[in-house]
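Next up is one chain by itself, shown in structure tokens, the form predicted on its own.
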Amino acid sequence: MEIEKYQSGQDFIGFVNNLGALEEDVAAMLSRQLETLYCKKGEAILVQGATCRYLYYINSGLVKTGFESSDRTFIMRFFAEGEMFTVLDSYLSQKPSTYEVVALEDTVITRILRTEMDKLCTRFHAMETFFRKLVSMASVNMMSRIGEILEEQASARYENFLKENPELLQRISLGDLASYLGITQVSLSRIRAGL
């Protein structure tokens, strides 16, 4: 994984501006705290058991968050370019993560260290507003994902995935899609054959 200071961070800053408008001086201070990661396909951005210390923005590429146990793999979410993510429970509690984050393609990510984000949120209302809105969005998305897993049939989850993420279908493996849906690849093949 290559890391460097990101010169402009315009994509990251643009995302922040969409949730809480930044004044130029705040955007400049934020920009100075950003780093860029260049991750190769298959590379771990966060390993299970490590503490998540960063908020990430995907400039290009695709990542998955999930966990592996001795008997199964579960994928919680996929994040593609233009999206911001973190492993929220580990990031907020600063405790080891049960999830891992892995690049599914060669991926470019801009990130900010949690301690630097906290300083900006304390100092600038617009940053605090942005972070509050981001955490609210993440919480709503998490509850929606949990509800989907608990309440819907696998075929309905597959149809929802097709409707909400058609652009990802060509970018992820059938094994990862099955893990996301909480089913085996054999079951996924049956569902796909039945549509």
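This is a predicted model, so every value here is computed, not measured. Note that residue numbering begins at 1 and tracks the sequence as displayed.
In what follows, reference is made to the form predicted together with the DNA, a form of this protein that is not presented.
Listed range touching the DNA, judged in the predicted bound form by heavy atoms within 4.5 Å, from 47-55, 134-142, 148-156, 31-39: Contact-bearing stretch, as computed: 148-156.
4.5 Å heavy atom contact, Leu174 to the DNA in the predicted bound form: Answer yes; at least one heavy atom of Leu174 falls within 4.5 Å of the DNA in the predicted bound form.
Residue-level question: is Gly182 within 4.5 Å of the DNA in the predicted bound form, judged on heavy atoms? Flag for Gly182 set to yes.
How about Asn17: is it within 4.5 Å of the DNA in the predicted bound form, going by heavy atoms? No, no contact at 4.5 Å.
So, Gln10 and the DNA: in the predicted bound form, are they within 4.5 Å at any heavy atom pair? Because no heavy atom of Gln10 falls inside 4.5 Å of the DNA in the predicted bound form, the answer is no.
Could you pull out the residues of 82-121 that have any heavy atom within 4.5 Å of the DNA in the predicted bound form? If the 4.5 Å heavy-atom criterion is applied to the DNA in the predicted bound form, 82-121 yields nothing.
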